[in-house]
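One chain comes next, on its own, written as structure tokens: the form predicted on its own.
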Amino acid sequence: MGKFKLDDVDHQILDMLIDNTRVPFTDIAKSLSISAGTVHVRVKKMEEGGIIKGSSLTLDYKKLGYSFIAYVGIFLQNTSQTKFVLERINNIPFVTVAHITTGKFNIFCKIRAKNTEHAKDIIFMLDDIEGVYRTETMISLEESINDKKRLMHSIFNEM
């Protein structure tokens, strides 16, 4: 499949949806001086083209009591155990992201916990998975940058 072509109106629609995935199409249409039907058709086209993959909800984890973030690098005894270990990691709900990586770690995870005691329990769960040789943890002091828009605009500028 070739590269999907987006025009300036598509960019503006995506820009508004990244700010708020729940913004009504009528509000987008009004802001861009186009019809709501046009917005609907363009969004549908971007969904069918695989540019838009669902929508997401942003939670304030701090308000929910899960403000502790850590990153855990996992070393495996054998790389052939990767799939097995990932299946076990997927059963730990506090692991919110897991990547198969090159370099120092075989798998790199992001965890969310209530506090250091809870994080320790999660890390021990990861350590106890068969095939995990050892883990290395880094505590996040602050999420300083989390900006999808900058990347999106950079991609648009390349098109």
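Predicted model, so just to flag it, every value in this text is computed and none were measured. Numbering starts at 1 and runs along the sequence shown.
Just so you know, the form predicted in complex with a further copy of the same chain exists too; it's not on screen, but the next bit is about it.
Mapping the unseen interface onto this chain, residue 110 counts among the residues with a heavy atom inside 4.5 Å of a further copy of the same chain in the predicted complex.
Although the partner is absent from this view, residue 120 contacts a further copy of the same chain in the predicted complex, with a non-hydrogen atom inside 4.5 angstroms. Contact check for residue 35: no non-hydrogen atom falls within 4.5 Å of a further copy of the same chain in the predicted complex. Using a 4.5 angstroms limit between non-hydrogen atoms, residue 29 is distant from a further copy of the same chain in the predicted complex. In the predicted complex, 49, 50, 51, 52, 53, 54, 55, 56, 57, 58, 59, 60, 61, 62, 63, 64, 65, 66, 68, 69, 71, 75 are the residues of 38-76 with at least one heavy atom within 4.5 Å of a further copy of the same chain, listed from first to last.
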